[in-house]
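Next up: just one chain, as structure tokens, the form predicted alone.
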């Protein structure tokens, strides 16, 4: 028996749950789990349900469309592994963590490839038998560099792209082609401490909290819809290298959490914010 994920977001109105449940019952599906939320400020209804049974997805979609308010967004997908591409530069901590989870079969995804603008991560990717593609941007324009990456992505056809410390700003035209499909991780020091060594700057300022944010990428640098965040405390006994190690641990955990939520179809995006079940 197949398992499906049903996601609906639409304007809230009376009788939505009844109508959706009636459609589910009509297709002889079983509701394994169900979550709902209404954003009262915008009058927006969100629902995620796990279903079991056998259906023609196109027919079920058309049925739901006739029962829901105009403009309703409906997603029906099999509950199975998604395909992802990892992008990195030189830092290996978050990339290595994801590769290790995949190796232990703890990641609900197939890793199609690692794409990088340097060769530094090639050996790491190859240790896990993951295809590695170095697309360098030396001596080529930003536009040409992105064209080469997009060409490879179009060949691979990933469901999500994970920026595992990929240290290159993506253009708006690139992001638009993968809207709400690119996940990024960054430390919590932005915008206070920028540059090559934010942890040293934070140490010199006596920072007491280190955190990380995972978010979808949009046209505003590091301002996309937030998926997951966490913090840890540090004290005067930490030097800047201790802080960096602690920060990298938080980044691994936060990106891993965000990726799991995306792979399980638990995220809705609305008004540059997320609703997560």
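On a predicted model such as this, the values are computed, not experimentally measured, just so you know. We call the rigid core the largest set of C-alpha positions that still match within 1.5 Å between the two forms. Residue numbers count along the first chain shown, from 1.
One more form of this protein exists, namely the form predicted together with a further copy of the same chain; it is left out here, but the text below deals with it.
### Task
Give a yes or no on whether each residue among 34, 104 and 275 has a heavy atom within 4.5 Å of a further copy of the same chain in the predicted complex.
Per the other structure, all of 34, 104 and 275 touch a further copy of the same chain.
### Task
Select, from the options 69-77, 144-152, 85-93, 159-167, the stretch whose residues sit within 4.5 angstroms of a further copy of the same chain in the predicted complex by heavy atom distance.
Going through the listed ranges, the match is 85-93.
### Query
Hey, in the predicted complex, does residue 265 get a heavy atom within 4.5 angstroms of a further copy of the same chain?
No, residue 265 sits far enough from a further copy of the same chain in the predicted complex that none of its heavy atoms falls within 4.5 Å.
### Query
Looking at the partner-bound form in the predicted complex, is residue 253 within 4.5 Å of a further copy of the same chain by any heavy atom?
The answer is yes: residue 253 has a heavy atom within 4.5 Å of a further copy of the same chain.
### Query
Would residue 132 count as a contact of a further copy of the same chain in the predicted complex, using a 4.5 angstroms cut-off between non-hydrogen atoms?
Heavy-atom contact with a further copy of the same chain at 4.5 Å: absent for residue 132.
### Message
So in the predicted complex, is a further copy of the same chain close enough to residue 249 to count as touching (4.5 Å, heavy atoms)?
### Response
Yes.
### Query
Within 1-25, which residues have a heavy atom closer than or equal to 4.5 Å from a further copy of the same chain in the predicted complex?
Those in contact are 14, 15, 17, 18, 21, 22, 25.
### Message
Core superposed first: is there a CA shift of 2 Å or greater at residue 70 between the shown form and the other one?
### Response
Stays below the 2 Å threshold, so no.
### Task
Classify residue 27 as shifted (yes) or not shifted (no) between the shown form and the other one, where shifted means its C-alpha moves by 2 Å or more with the rigid core superposed.
No.
#### Entry: Did residue 241 shift 2 Å or more between the shown form and the other one, C-alpha, core superposed
Yes: residue 241 shifts by at least 2 Å between the shown form and the other one.
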